[in-house]
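We begin with a single chain expressed as structure tokens, specifically the form predicted on its own.
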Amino acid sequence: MSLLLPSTPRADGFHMPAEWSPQSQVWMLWPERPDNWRYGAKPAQAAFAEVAAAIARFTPVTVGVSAGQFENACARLDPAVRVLELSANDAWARDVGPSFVINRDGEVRGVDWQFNAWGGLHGGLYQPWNRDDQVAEKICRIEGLDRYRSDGFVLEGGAIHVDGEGTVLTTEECLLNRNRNPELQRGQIEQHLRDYLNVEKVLWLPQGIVDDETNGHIDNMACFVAPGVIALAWTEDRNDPQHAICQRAWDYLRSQRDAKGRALQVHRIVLPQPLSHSEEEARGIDVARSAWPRRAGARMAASYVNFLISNGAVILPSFDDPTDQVAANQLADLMPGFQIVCIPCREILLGGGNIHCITQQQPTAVKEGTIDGTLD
């Protein structure tokens, strides 16, 4: 049974844990729409399958698939991956799936954010989005988890990153964008974050990655990798408009403290060279008025920070770029004890996101006073 609760996680003593906390599974959705993924999404499906197989080495994976793609997905996905029929408008599990919250008694619940396809009728990426807005509820029902619904407050999971200790990272470019919650002021948005994530401190970066069609999601720009430690996307190219954005983020974060009062340790993670859609890639995508156009030469929001942390592993995107190994080495130095697994992800990037965007982790329910569910 899954109940819709009238309260908030904060009121009930629940909070969103850090991504490096133990996870029971990772959720994904299967790509298929031809107006976002080239050549009937077959290249993207191969990339999604490789990501799922990599995660499944460390954490169980469940992939939601439409009825029409069920047989195909079962054939293409690793046998270790669980496949469920679950309709959606596209394949961005981070943004449409529930943000899971936990309490000290080992309970897990879901936060079902209101979703409007990154802007609704004012800059949104496709329509309709009604099935996407049902995904979080469906996952909670499948898992038998109670949920909180943020009716009247639009948010995507990729717009937030938490440390599990009371601090959340986000960007002004996204959360203050008038195409999400135009009737809310900054203070009101912060209160919603406090209520639904149970945090005390909101860190506001000014912007995200250049030409990020999500209006600057934080998970492409910066993330927590440990309490008080942040990985920040960085370029040294002063001719790139991204440089000034990175510098402002660096200056801001270096001046801030987290909810525990710690000065933040900020580490630069190299960005790949600017990447754009090729003529051949753009030709493979169907043209449709209901979807964001994909044009040759358009810059893509490529970033190595868009990785998933899962049960001791870092599933890291690569782009066949000379900086791939540099980024992998930087993260290996920054996150000792984690296994860095690099996956070619240009096909995912062509659709507008990357590994963190297509995954949503479900934390393990661990009762306080136990270790991995086993009594001390």
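Please read these numbers as outputs of a predicted model, since none were measured by experiment. Sequential numbering from 1, following the sequence displayed.
The same protein also exists as the form predicted together with a further copy of the same chain; that form is not shown, yet it is the one meant from here on.
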**Asked** Pick from Asp151, Glu183, Glu236, Glu71: which residue has any heavy atom within 4.5 angstroms of a further copy of the same chain in the predicted bound form?
**Response** Glu71
**Request:** Let me know the one among Gln265, Gln273, Gln134, Ser278 whose heavy atoms come within 4.5 Å of a further copy of the same chain in the predicted bound form, would you?
**Result:** Gln134
**Request:** Name the stretch: of 195 to 203, 250 to 258, 80 to 88, 288 to 296, exactly one has residues whose heavy atoms fall within 4.5 Å of a further copy of the same chain in the predicted bound form.
**Result:** 80 to 88
**Prompt:** Do Lys138 and a further copy of the same chain share at least one heavy atom pair within 4.5 Å in the predicted bound form?
**Reply:** yes
**Proximity of Ile142 to a further copy of the same chain in the predicted bound form, heavy atoms at 4.5 Å** = yes
